[in-house]
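Take a look at this single chain, the form predicted on its own, given in structure tokens.
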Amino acid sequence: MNPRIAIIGGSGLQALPGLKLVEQIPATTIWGLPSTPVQAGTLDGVELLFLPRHGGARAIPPHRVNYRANIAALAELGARQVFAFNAVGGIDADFPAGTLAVPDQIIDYTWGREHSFWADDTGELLHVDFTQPYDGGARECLLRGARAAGVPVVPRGVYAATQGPRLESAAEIRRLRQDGCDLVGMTGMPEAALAREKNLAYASLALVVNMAAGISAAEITMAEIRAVMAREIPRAVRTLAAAAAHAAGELRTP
């Protein structure tokens, strides 16, 4: 196998339905071990890599994910295009629970995470252009995939990456809203920036699993979040599979 497409699974997508597993690769990197061995297989005939960022049965919380090892492992195994799945909260009224979105911008509110491959004594300092944090071609593949799968998506959104693992306060969400954020999640950064440093074409498919704190009067419950995931994850998987098929056609050597 020579897979050049990778999918990173998030909360609710610890396994990739329909993936025909060929092998599990116990990848190691100089930054440590990825969340799990990388799965190599085919999805609807497309060769790809799959890595659940939160690990297996014992979930790794967002602030403890080894993002550097995850991205480095995918790059070292030949990935060129990465589709990341993120479960998020909705801040803007255009993003109610159950919405799938392909964000186009991100604001990083996290702290204490390893944000660069060049943070250590590597002998090189790299400043990457992050004006457009998500790759345009990868975003277009997701949008085309959604159309092909008959799945409505919102083709924009500003993703607020917060520290977690707790959910945000109502005041924090008001601040994010004032900053222009539409979505809030805990895993968007430093993953996107690390992918840029490794020259990977990276984009996110975000599923809104609840309205953020204070946006509605209803209490946020895990039961409600799990119900939305159970209902909407199949649509997300269809979109990812169709996006991978589009990407495979673009990456195929003539």
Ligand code: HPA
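Worth saying up front: this structure is predicted, and the values here are computed from it rather than measured. For every residue, the number given is its place in the sequence shown, counted from 1.
In what follows, reference is made to the form predicted in complex with this ligand, a form of this protein that is not presented.
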So in the model of the complex, does Val88 come within 4.5 Å of this ligand, heavy atom to heavy atom? yes
Are any of the heavy atoms in Val209 no more than 4.5 Å from a heavy atom of this ligand in the model of the complex? yes
With heavy atoms only and a cut-off of 4.5 Å, decide whether Met186 touches this ligand in the model of the complex. yes
Report whether the minimum heavy atom distance between Leu167 and this ligand in the model of the complex is within 4.5 Å. yes
In terms of non-hydrogen atoms within 4.5 angstroms, which of the given stretches 134 to 142, 77 to 85, 167 to 175, 106 to 114 touches this ligand in the model of the complex? 167 to 175
